[in-house]
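Listed next as structure tokens is one chain, alone, in the form predicted alone.
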Amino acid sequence: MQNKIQQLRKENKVTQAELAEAVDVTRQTIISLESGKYNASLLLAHKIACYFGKKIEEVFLFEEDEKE
């Protein structure tokens, strides 16, 4: 699953640490999300989207053929 977390962070001048603290995860989790090594839970995806004032599907790009 692709995401726009890094792009949104840079546009809003937010550090990985600031975002991590705001959504109650570690900075390492944000790094893993940005690099595509980790997929966010629905709750975390919602928190991140709300933080940036976006809908989940505006931040996380789902592929039609992705397996669960």
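Here the structure is a predicted model, which means the values were calculated and not measured. All residue numbers are counted from 1 along the displayed sequence.
A second form of this protein, the form predicted together with the DNA, is not displayed here; the remarks below concern that form.
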Hey, in the predicted complex, is Val25 touching the DNA, heavy atoms inside 4.5 Å? yes
4.5 Å heavy atom contact, Arg9 and the DNA in the predicted complex: yes
Can you tell me whether Leu44 touches the DNA? I mean in the predicted complex, with a 4.5 angstroms heavy atom cut-off. yes
